[in-house]
Every structure is written in structure tokens, then in C-alpha cells.
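Given next, in C-alpha cells, is a single chain: the form predicted alone.
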């Protein structure tokens, strides 16, 4: 009996594409729900934020398609150049091109477009860490390789923190470098030790903050730590946003008040369409709706793992790992901030929070992941 010959076919991850489209659509719905009241008051147009986000998502889809059509090896080839561009963009925040919004100077304006350099820096770091592993080859499995990845992350994270005063993006950027080095380096003892030290530090900071007193000249980060420990005590100032978010989560119950029926978005949660949008999801859709959103993100991360483990080479694997780290860290930190598990650091929820620059670069990352998936060959 003659054996049937196996045929290799090109693979495309339609499951991931469906998850991306769902999150984009759901994000638009929630942005309109959370922002329509304030948009009507401020701009006399209830669809103001909705229309801006819709435009950004359309551009993002174009970026995703363009990134999908470009071989992912090309990005890694020019990783050093992109890394330098990221540093230059961060420095340009201090130039006349830089401008402030929401009380922070973190954007640069190029013609009609505004770009947040921190978002580009995340993508540039993923390329650079992957390129570093490729260049070191077998040496990437040595202990010294960890410091190369961490150095790349520390430089960009430090610039973001010092120049733009953006702690949340600095944490995410450094976290991406740590995760990529964790995957590239075969021994995990050092990471267990560091994780234990970080955990002990968090416990120590919380214990210290419970005993600390707020002085008149305390900086805002110190105030946020104190507000994290006792938000009710600072409910009129630093802890106001956190307390209102917790009210929203608590009042949502199991199935929520119904889409569009949130009360906390009516001026109680400042800029509810941004970092605290998850609290409005909890209020309107309840615990059930919030868990469904987290499950969808879990499905996205699962598809990343599948693509990374089946990638045709280490380059594709590490690129997807970097995107995995970015999404996972940002989702976990956003939910942790909203639920007051960590101090408020201003972290957006990927694909759902309002933000044009964020969605543009997130969609570019999705295009790169889909390009990696297209190089997988399935036998049928």
C-alpha cells in the first residue's frame, strides 16, 4: 500500500485575528460609553473621542497589514537603527516638538500627528533584544547575556522615566527585556532570586508606607504610595481616582448595571476612557463581563505562545515573546492599578483604553506576530 505524501501548507492564525478584531470593536464601544458624557460637555460632541479612536484604529489596521506583509527578519536587521531612533524620539520630547497633555509632557508633534515615544520604544526594544540574541548566538546562553538584555532595557526605561517622567512605561519596557532574557537564558535560578527580592521589597514598602506620614514637601510618587495603602484617607486628593474606581467596581456586582448606565463615568472618574476604563467595564458589565475581557486577553496570549513555540526560528520566537511580554505586563498592571493592588501609575488597557499612538504600535506588533505565524508550515 502506497503511503500518502504529506503536503506542507502556509499557516495563518485566524483565531488571533478574530481576538484582535473583537478587542478593537469592544474598545470602541467602551470608549463611546465612558467618554460620551464628558465629550459632550467639553467639545459639544458626544462622539469626539469615539471618532478619534476609530480613525486611529483604521490607521492601526493599515499598519498591521503592512507589518504582516514585511518579513520579520528585516525588522531585526535594522534593530540598532530603530533603537537609536527611539532614543532620539524620547529626547525630542524636550524640544519644541514636544508638548504636554493631561498634565504630562510625553508626546511629540509631527505635523497633524502626535506620537508618544514610549510606545515606539517598546517595539524598538523587542527588535533590539532579539537582534542581540542573534548576534551573540551560542553566547546568548551564558550568564553575561542577561546583562546585555537588561542594559538595553535600562537605557530606554531610564530615558523614559527621567525625560518624560513616565514610570509605567519605564516598568513595561524593563519588563519586556527581562522576559526576553528569561526565555533566551536556560537557567532560571537568578530570576527566582530576583523575584523573591522584588516581592520582599514590595512587602517592605507597603509596611513602611502604613507607618509613614505625609509631609508638606512630599513628591507625588510618595503620595501615591501612601494613597495605595490607605486610599480612603486621601480620597479628596491623590487617592480620589482610585476610590472612585473601586466604587465603580463594587457597584457593578455580578452582571453590572448595563452598558452605558455607569454613574462613576459622569465626572467622578477623571478621564474615564483612559487608564480607568476597566473600572467602568466592571460597573456596566459586572464581574462576569470583566472576567470575559480577561479571558479574551488570555486567548490572545495563548495564541502568542502557540505561534512562538511553532515559529520557524529563534528570531520569530523571541519577537512573539516580546509582544507577549508587552501585552501581558500591561494588562496585569492596568488591572492591578484599577483594583488598587499596586500604586496608581497610569497604565492603559491595551486595545481598549483611549489612545491613538498606543493602538497604532499595538497593531504594528500584531502584524509582526501574524507575519511570524505565516512562516509556520503545517503538514496535511
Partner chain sequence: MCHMEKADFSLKARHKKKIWFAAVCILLIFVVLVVQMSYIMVFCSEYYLARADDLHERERSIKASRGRILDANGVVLASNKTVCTISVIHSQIKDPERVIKILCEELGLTDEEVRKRVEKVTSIERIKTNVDRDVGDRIRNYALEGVKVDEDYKRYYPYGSLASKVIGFTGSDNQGIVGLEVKYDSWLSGDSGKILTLTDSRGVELEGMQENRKEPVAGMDVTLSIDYNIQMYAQQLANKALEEKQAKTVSIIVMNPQNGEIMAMVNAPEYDLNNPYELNFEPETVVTGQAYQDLLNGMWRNKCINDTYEPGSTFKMITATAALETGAVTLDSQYYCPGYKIVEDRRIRCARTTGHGAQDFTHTVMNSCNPAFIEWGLRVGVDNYFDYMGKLGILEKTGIDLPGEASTIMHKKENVGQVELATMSFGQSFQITPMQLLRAASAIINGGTLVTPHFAVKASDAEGNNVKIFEYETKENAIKKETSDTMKGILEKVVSEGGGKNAYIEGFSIGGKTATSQKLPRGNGKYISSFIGFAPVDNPQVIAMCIIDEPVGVYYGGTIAAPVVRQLFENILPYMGIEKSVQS
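Everything numeric in this text was worked out from a predicted model, so none of it was measured. Numbering follows the first chain given and starts at 1.
The same protein has a further form, the form predicted in complex with its partner chain, not shown here; the description that follows concerns it.
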Query raised in the report: If you check in the predicted bound form, do 43, 148 and 271 all have a non-hydrogen atom within 4.5 Å of its partner chain?
Result: no
Report task. Let me know the one among 331, 28, 56, 39 whose heavy atoms come within 4.5 Å of its partner chain in the predicted bound form, would you? Result -> 331
Query - One residue of 259, 87, 301, 80 in contact with its partner chain, assessed in the predicted bound form (non-hydrogen atom, 4.5 angstroms) - result: 301
Query raised in the report: Residues in which of 278-286, 154-162, 113-121, 92-100 have heavy atoms within 4.5 Å of its partner chain in the predicted bound form?
Result: 278-286
Query raised in the report: Would residue 354 count as touching its partner chain in the predicted bound form under a 4.5 Å heavy atom rule?
Result: no
Query raised in the report: Going by a heavy atom distance of 4.5 Å, is residue 234 a contact of its partner chain in the predicted bound form?
Result: no
Report task. Give a yes or no for residue 133: in the predicted bound form, does one of its heavy atoms lie within 4.5 Å of a heavy atom belonging to its partner chain? Result -> yes
Query raised in the report: Taking heavy atoms and a 4.5 Å cut-off, does residue 344 contact its partner chain in the predicted bound form?
Result: no
Report task. Any residue of 60-79 with a heavy atom within 4.5 Å of its partner chain in the predicted bound form counts; write them all down in order. Result -> 73
